[in-house]
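The chain that follows stands alone, in the form predicted alone, written as structure tokens.
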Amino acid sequence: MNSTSISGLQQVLEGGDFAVTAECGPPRGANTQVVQKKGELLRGNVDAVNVTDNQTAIVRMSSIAASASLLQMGLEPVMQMVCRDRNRIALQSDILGAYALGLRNILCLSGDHQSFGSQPDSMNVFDIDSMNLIRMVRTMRDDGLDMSGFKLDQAPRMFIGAAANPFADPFEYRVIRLAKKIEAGADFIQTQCIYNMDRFKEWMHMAREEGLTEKVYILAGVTPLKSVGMARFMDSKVAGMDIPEETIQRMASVPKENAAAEGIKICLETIAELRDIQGVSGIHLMAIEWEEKVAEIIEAANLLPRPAF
């Protein structure tokens, strides 16, 4: 990749197209074929692919390596980076290395606490938080400086992303936190999965009132439900998730063999509604270990063909 090239996702968003991103979880091993198989299912259906960074605090192939594998396939990765496992020296080093490999997008996250993972006795780092990680990447990109003030020989010109949860409490703080991430340097935002549309619309209204949608691209998170059990688990066990009871009952009302189809139908209805909300620049489709359904969903949502860049 040319060292001066910019993010393809950035080009799509700046061009005014309604962007579509998806997600790829690296394997619990060194088999790159797992990444490549998922990549082939997403090829041509999305503009960029998020590659998670040891999600749920379980050891997996590194986000950088899996992202580089997708890049070799001609796909556009969004490398996720969490603060849980690295101090600021390692974070900056990995950002420089990722850029040198051709990666142009980064999603800055705090990371799931290690107590939720398979090795709860491991030591976390959290030397800096996600807000400071965003600011650090922006300083490296825009000022060409590391955190010590050292001049970099080449700045990593990353397109900087951050996460937002419109559903966590206190609700009034959600837009304030969004504003802080934008001020720190976020170029785009990917949100938590949306099921409570009324609350999301209120969050978007508040963001528009503060002028935030003019400063950042917001990609609304959507996840198709596979079953009523999945809906109940996510609502009760996943922090910050808000699935209305009527959605859970809708999933419960269909025969078990039709539940997945109903979940996709709900997802499509959500996407259609999101496309009509002022300030929503795209969707982030998180089909959890269900990548084979992404093409079906994107085609049914009339989001094909994707723009070329």
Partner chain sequence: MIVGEQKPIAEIKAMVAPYNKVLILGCGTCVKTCFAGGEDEAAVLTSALRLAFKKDGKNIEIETQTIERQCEDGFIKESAAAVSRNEAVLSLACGAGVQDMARRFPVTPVLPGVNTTFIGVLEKQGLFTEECLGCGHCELAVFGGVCPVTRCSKKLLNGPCGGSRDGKCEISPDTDCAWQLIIARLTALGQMDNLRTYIPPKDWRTSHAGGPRKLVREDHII
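Since the model is a prediction, treat every value here as computed from it, not as a measurement. Numbering follows the first chain given and starts at 1.
Although not depicted, the form predicted together with its partner chain is the subject of the following passage.
Chemist: Heavy atom within 4.5 Å of its partner chain in the predicted complex: which of 201, 88, 141, 226 fits that? Just give me the one.
Modeler: Contact with its partner chain in the predicted complex is made by 88 alone.
Chemist: Between the options 44, 279, 29, 240, which residue brings a heavy atom to within 4.5 Å of its partner chain in the predicted complex?
Modeler: Filtering the options by heavy-atom distance leaves 240.
Chemist: Would residue 110 count as touching its partner chain in the predicted complex under a 4.5 Å heavy atom rule?
Modeler: It does: once its partner chain is placed as it appears in the predicted complex, residue 110 has a heavy atom within 4.5 Å of it.
Chemist: I'd like to know whether residue 150 contacts its partner chain in the predicted complex, with contact meaning heavy atoms within 4.5 angstroms.
Modeler: Contact check for residue 150: no, nothing within 4.5 Å of its partner chain in the predicted complex.
Chemist: Indicate whether residue 128 is a 4.5 Å heavy atom neighbour of its partner chain in the predicted complex.
Modeler: Contact check for residue 128: yes, within 4.5 Å of its partner chain in the predicted complex.
Chemist: Looking at the partner-bound form in the predicted complex, is residue 168 within 4.5 Å of its partner chain by any heavy atom?
Modeler: Although its partner chain is absent here, residue 168 would touch it in the predicted complex, with heavy atoms inside 4.5 Å.
Chemist: Residues in which of 152-160, 96-104, 118-126, 217-225 have heavy atoms within 4.5 Å of its partner chain in the predicted complex?
Modeler: Single hit among the candidates: 118-126.
Chemist: Each of 272, 290 and 293 within 4.5 Å of its partner chain in the predicted complex, by any heavy atom, yes or no?
Modeler: Result no, not one residue of the spot touches its partner chain.
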